[in-house]
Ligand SMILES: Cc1cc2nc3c(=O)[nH]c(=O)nc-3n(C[C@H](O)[C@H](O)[C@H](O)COP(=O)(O)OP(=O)(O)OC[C@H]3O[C@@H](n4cnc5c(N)ncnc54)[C@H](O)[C@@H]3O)c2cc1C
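Here's a solo chain for you in structure tokens, the form predicted on its own.
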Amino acid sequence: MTVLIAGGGPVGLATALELAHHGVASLVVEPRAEVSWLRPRAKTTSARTMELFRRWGVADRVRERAALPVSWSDQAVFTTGLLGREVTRFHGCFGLDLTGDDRAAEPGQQIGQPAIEQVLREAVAASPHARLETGWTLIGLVEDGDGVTATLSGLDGATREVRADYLVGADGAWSKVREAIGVVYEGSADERPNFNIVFRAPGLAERVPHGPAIHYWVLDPEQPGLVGRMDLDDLWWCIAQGVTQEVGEADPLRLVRALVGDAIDAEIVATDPWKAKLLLAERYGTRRVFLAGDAAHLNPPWGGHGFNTGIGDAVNLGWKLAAVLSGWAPATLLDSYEAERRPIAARTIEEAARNMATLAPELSDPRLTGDDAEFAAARPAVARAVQESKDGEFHSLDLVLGYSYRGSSLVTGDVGGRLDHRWLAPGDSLYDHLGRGFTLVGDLDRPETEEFVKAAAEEGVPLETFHHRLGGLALVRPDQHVAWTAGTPGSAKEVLRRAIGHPR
């Protein structure tokens, strides 16, 4: 066994697929035999996550399983109720409008987390390198100089030990891995309660006057919240803000009717009370044990960044573990995982906290639910407040596509961001021409090309080249981030050794 991954949610499965992408074996252990479909949890898969899915060949499958096609809507509508009056709206939300755009190889996708998990489970099952075993939970571990011995507990109470070179804790907010290595969260929680409801309401969609939207924000002081579609049939989700578990469970249909704005008949499918958390692990691991996803960071859902940040963790950690285990990078490369990913999580938590500062209760105005004259008087100011406070929540490509590892010990010069994307032809992404290891991209007629090819051969680093007519030259890492560009001081050998984690 090479890598043991505790937790078979999206982040654990993604870590296994990234390792498999580089030919490295892993075992994922997960207590749930089947994916739980009742609670959609994360619903926004970002353009960046879809680009990473494209690397593994699963992006098309994700879109096929999505109940809402990416072309269905990219809008968020703010209303007095699902069937009420429109206050304002946003277009181009969550990167859903990026189809064919040079900025990204993939647009975002609205899809429930269970569907994502199922696609990733199937991809792991089809992989010759990754394996998923359900019915097992990690309950303890012992780390030594050569690896990790993990103790697993089965559903029947039986225990077994598994030996691995490295262990990844992707076992969620109540991580046993985090507890075992003595790491605690830092941060706070928002005490305002929220109550999620999944409900079935035949015929409701035909009555909505606002057209297709991914979010309908309800600005009603009596019951503020959000409503959205789970599919194009009769299944919906909603979040009632400011509602406790006790109140929500007592009469969830009342909440649904309040947000819809009519006494509809609806079947309650599932409920889920929650409070937002803003937490970051003080450390991301030890020499041989690492945390990823919710085990490392928790942030409010506003903006849809949490699950996507975890996929970024999986790719960053996965290629580095693969490089070390394959023998072409030193173990010191793994020190860069926390150094690169923890600041990204901190920034994401800050962004989500800003989004959370102004929610439907703060934007509601009693006059919006009054007569036509009162609504007309209140609407301009509320619409302006919505546009000013929520634009960053729906339009966050600077964070989603623009985060950078600038300043990382692996990066030479003032780079570190994701390689600028462009389409070479319809359906032919520049990213499709990147290798699984490092890639030298650009004007291969430059003298540095021969130097890098020679240095990579000497160091045993996998390097592919791709001639790109737009000129310049860049060394691109396995995760599509730029480690060096032509004109930066330093020999090819120095740059390459730095990029794989050799101490300076």
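All residue numbers refer to positions in the sequence shown, first residue = 1. Source: prediction; values computed, not measured.
One more form of this protein should be noted, the form predicted together with the named molecule, which is absent from this view; the next part is about it.
Engineer: Give a yes or no on whether every one of E30, A42 and A170 sits within 4.5 angstroms of the named molecule in the predicted bound form by heavy atom.
Structural biologist: Each of the three qualifies.
Engineer: Taking the named molecule in the predicted bound form as the reference, which of G304, P224, P107, G312 has a non-hydrogen atom within 4.5 Å?
Structural biologist: By the 4.5 Å heavy-atom cutoff, the listed residue in contact is G304.
Engineer: Between the options Y166, W319, W136, F78, which residue brings a heavy atom to within 4.5 Å of the named molecule in the predicted bound form?
Structural biologist: The residue from Y166, W319, W136, F78 that makes the contact is W136.
Engineer: Using heavy atoms and a 4.5 Å limit, would one call D294 a contact residue for the named molecule in the predicted bound form?
Structural biologist: D294 belongs to the contact set for the named molecule.
Engineer: Is N355 one of the residues lying within 4.5 Å of the named molecule in the predicted bound form, judged by heavy atom distances?
Structural biologist: Because no heavy atom of N355 falls inside 4.5 Å of the named molecule in the predicted bound form, the answer is no.
Engineer: How about K176 - does it come within 4.5 Å of the named molecule in the predicted bound form, if we only consider non-hydrogen atoms?
Structural biologist: Contact check for K176: yes, within 4.5 Å of the named molecule in the predicted bound form.
Engineer: Is there a heavy atom of V11 lying 4.5 Å or less from a heavy atom of the named molecule in the predicted bound form?
Structural biologist: It does: once the named molecule is placed as it appears in the predicted bound form, V11 has a heavy atom within 4.5 Å of it.
Engineer: Report the stretch among 57 to 65, 34 to 42, 457 to 465, 440 to 448 that approaches the named molecule in the predicted bound form to within 4.5 Å, counting heavy atoms only.
Structural biologist: Every other range fails; the passing one is 34 to 42.
Engineer: Using a 4.5 Å cut-off on heavy atoms, which residues of 45 to 75 contact the named molecule in the predicted bound form?
Structural biologist: None of them.
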